[in-house]
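In structure tokens, one chain follows: the form predicted alone.
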Amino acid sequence: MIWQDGILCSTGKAIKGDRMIGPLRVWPPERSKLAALYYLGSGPEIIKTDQILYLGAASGTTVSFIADYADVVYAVEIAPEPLAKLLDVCNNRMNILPIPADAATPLVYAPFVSTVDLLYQDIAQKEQVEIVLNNLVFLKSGGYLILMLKTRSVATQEDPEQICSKAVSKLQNAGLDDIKVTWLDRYHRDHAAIVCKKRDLKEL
């Protein structure tokens, strides 16, 4: 990752609203949960050969920064308004492949997605964990999963720590290891970033 005097940046073409440091785009933690994770915790390094599946791409802000680092980003979004903004972002980044689909139905886009190095999800729905597990088939062995868990979307009355603990258990039962939880409250209220790794069958 590119840090300039303690500020996370990328090297891609600027889009509307970007702050720049010379030729570098500032990747602000207030606008991106993934950037917040890099500031507060330890997200996996994204490298130029990485292929990434992004579920819940929204208007493409975080997608655009990831695309500055990665080879290909498959960006899944179903809501019409953010999808339109995402398509604008794609006009300037040919390595983003927009997929207008519901992440809860991965069979719809399975023919268009390769096996990926990183599976990233930011979807504020009650069944967040189930959705990401249904997409686990796309993640290669040894690849990373990042789940941005919005606890209030799962249950408003339940303790966020308990909601997160249940999510971690489900991920462990699905074959994910090295699970680390980073709470993003400093930048994004009620969000926990869960980073884990798909068990590498070669190591068994």
Partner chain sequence: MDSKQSEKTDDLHVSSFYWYDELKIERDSTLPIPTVFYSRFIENGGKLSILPTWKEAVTKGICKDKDDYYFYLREICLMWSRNKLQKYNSSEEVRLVKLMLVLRETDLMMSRLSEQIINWDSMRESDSDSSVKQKKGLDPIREMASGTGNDGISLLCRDLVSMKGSRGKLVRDISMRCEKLLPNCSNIVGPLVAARLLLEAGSLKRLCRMPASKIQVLGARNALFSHLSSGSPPPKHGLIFEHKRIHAASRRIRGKISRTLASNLIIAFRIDYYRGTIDSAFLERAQLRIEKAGKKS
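Positions refer to the first chain, counted from 1. Please read these numbers as outputs of a predicted model, since none were measured by experiment.
Keep in mind that the form predicted in complex with the partner chain is not shown, yet the notes after this line are about it.
- Contact check for Ile123: no non-hydrogen atom falls within 4.5 Å of the partner chain in the predicted bound form.
- Contact between Gln51 and the partner chain in the predicted bound form is found at the 4.5 Å heavy atom cutoff.
- Remark: Tyr39 does not count among the residues lining the partner chain in the predicted bound form, judged by a heavy atom distance of 4.5 Å or less.
- Interface membership of Phe138, defined by any non-hydrogen atom within 4.5 Å of the partner chain in the predicted bound form, is confirmed.
- Remark: none of the three candidate residues (Gly6, Ser59 and Phe65) comes within 4.5 Å of the partner chain in the predicted bound form, counting heavy atoms only.
- In the predicted bound form, the partner chain lies within 4.5 angstroms of at least one heavy atom of each of the following residues of 73 to 104: Tyr74, Ile78, Pro80, Glu81, Leu83, Ala84, Leu87, Cys90, Asn91, Arg93, Met94, Ile96, Leu97, Pro98, Ile99, Pro100, Ala101, in sequence order.
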